[in-house]
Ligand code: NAD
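Only one chain is included here, represented as structure tokens and corresponding to the form predicted alone.
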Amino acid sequence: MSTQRIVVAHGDGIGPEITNAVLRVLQANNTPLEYEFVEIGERAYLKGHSTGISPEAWEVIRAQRILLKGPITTPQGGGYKSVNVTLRKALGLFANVRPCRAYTPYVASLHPKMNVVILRENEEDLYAGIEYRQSQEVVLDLKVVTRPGSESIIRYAFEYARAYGRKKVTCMTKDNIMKMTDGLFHRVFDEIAREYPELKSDHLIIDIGAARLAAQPEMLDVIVTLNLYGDILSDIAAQVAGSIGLAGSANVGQDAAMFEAVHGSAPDIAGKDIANPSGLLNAAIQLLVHVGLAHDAQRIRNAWLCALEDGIHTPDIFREPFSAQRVGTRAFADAVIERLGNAPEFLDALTYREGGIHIVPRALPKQEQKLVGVDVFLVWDKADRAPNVLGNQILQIDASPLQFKMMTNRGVKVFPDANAETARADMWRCRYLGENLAFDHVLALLEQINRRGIHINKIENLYTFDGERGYSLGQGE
């Protein structure tokens, strides 16, 4: 069997202790891995590297593309960038994978059958961070959802379910309200689900989905969702499972991946040989499945479950009568090593699919994109803010072939023929539609508005794609 080369960063705080414990388990299992070590985190920050990653470490990480990372301490004060955010963006790690499982009775949980994995899109949505202050009273955050981004995370979710022997993938969105952005994510999910007939699939609106995760998590298996929702769901799931200290996490891209424990560097207990290495060990198990070493992954995972069943527990989870022996970091690793080859009796033994996880982007047919109108956003802060005052000025503009259709305030139609109760903010949207348009027509409209002394804030062109409307209707339109 060929050897897989990976990068290892020991990290800060308890990082070196738990990383060494995990490496001992991997080596005792004769796992076919080779290691290249890099220094990232606090020491790199203090050497003047604002990202916590030196150029030398970057070279190694970019060359090998698979990283097992201990927890990182970010120094106090400004000017320091998150290592995780830097790695996610630089390596295109579009998927955050967060397993949340109960291990009752060995770890207390209100939901003993919970075994959920949340796959969160990592790069887009409102977390793209594209925000603007538009006026005295209005700020905007652009919600970015792309077909390539949606396809990547959704296909990874189904491939993950196959590799881990899962049964169902659930998509969660709010597409009953955000029909364009969340609607795209839902449509792509339905398209890809048809390629995996052996797996069940369904969709939940995010509010009922979050409630179900909190109250009935045993009904869920694999969840795939957008960035913001996934962030919230991950915290709900960790709280409900009661075992965040045991959880591993992965950030995965097309050709790179980073694996780490969910917990932080815990400098207050560093060097005391009491830290639980389980979170990083479970991250390493995810790494093994990802690179196609499923047999090694299941041997180590089942040995770890046996150690839990036998009551060999570190102080963070020690509780009588379910714990038989309180052990430190090194001794817990020894207990896992002693049980390699064994299968758990009460906790479910696991079998993973060989071959790793691979996704290939699809080529999409080109669509005809046609300009059919424009939304012009105006700042208007007159004393009475009566929509008809601004609206009547707009009606006097001859913008042919563009035709004025409506004016909205905060998305609700306020002119013409609409109530003005919602006209509360100082930014107004005027919608124009027309036939056989060129951008010169838009420029001519903007020039006429500007000549009347009305402040143009921004515009959004309106398009159809193969004849299908590519913009949302206003409330009341």
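Predicted, not measured: the structure shown is a model, and the values here were computed from it. Position 1 is the first residue in the sequence shown; the rest follow in order.
Just so you know, the form predicted in complex with nicotinamide-adenine-dinucleotide (NAD) exists too; it's not on screen, but the next bit is about it.
*Asks:* Any chance all of T74, N84 and V262 sit within 4.5 Å of nicotinamide-adenine-dinucleotide (NAD) in the predicted complex, going by non-hydrogen atoms?
*Replies:* Yes, all three are in contact.
*Asks:* Going by a heavy atom distance of 4.5 Å, is L371 a contact of nicotinamide-adenine-dinucleotide (NAD) in the predicted complex?
*Replies:* Close contact is absent here: in the predicted complex, L371 is far from nicotinamide-adenine-dinucleotide (NAD), nothing within 4.5 Å, heavy atoms only.
*Asks:* Can you tell me if D268 lies within 4.5 angstroms of nicotinamide-adenine-dinucleotide (NAD) in the predicted complex, counting non-hydrogen atoms only?
*Replies:* D268: contacts nicotinamide-adenine-dinucleotide (NAD) in the predicted complex.
*Asks:* Is there a non-hydrogen atom of D316 within 4.5 angstroms of a non-hydrogen atom of nicotinamide-adenine-dinucleotide (NAD) in the predicted complex?
*Replies:* Judged by the heavy-atom cut-off of 4.5 Å, D316 is in contact with nicotinamide-adenine-dinucleotide (NAD) in the predicted complex.
*Asks:* Find out whether any non-hydrogen atom of V224 is located within 4.5 angstroms of nicotinamide-adenine-dinucleotide (NAD) in the predicted complex, and reply yes or no.
*Replies:* So V224 does not count as contacting nicotinamide-adenine-dinucleotide (NAD).
*Asks:* Work out which of N276, T181, N302, S234 lies within 4.5 Å of nicotinamide-adenine-dinucleotide (NAD) in the predicted complex, going by heavy atoms.
*Replies:* Among N276, T181, N302, S234, a heavy atom within 4.5 Å of nicotinamide-adenine-dinucleotide (NAD) in the predicted complex occurs only for N276.
*Asks:* Out of the stretches listed (65-73, 424-432, 47-55, 448-456), which one is close to nicotinamide-adenine-dinucleotide (NAD) in the predicted complex, meaning heavy atoms within 4.5 Å?
*Replies:* Among the candidates, contact is made by 65-73.
*Asks:* Within 4.5 Å of nicotinamide-adenine-dinucleotide (NAD) in the predicted complex, counting any non-hydrogen atom, which residues from 5-28 show up?
*Replies:* The one in contact is I14.
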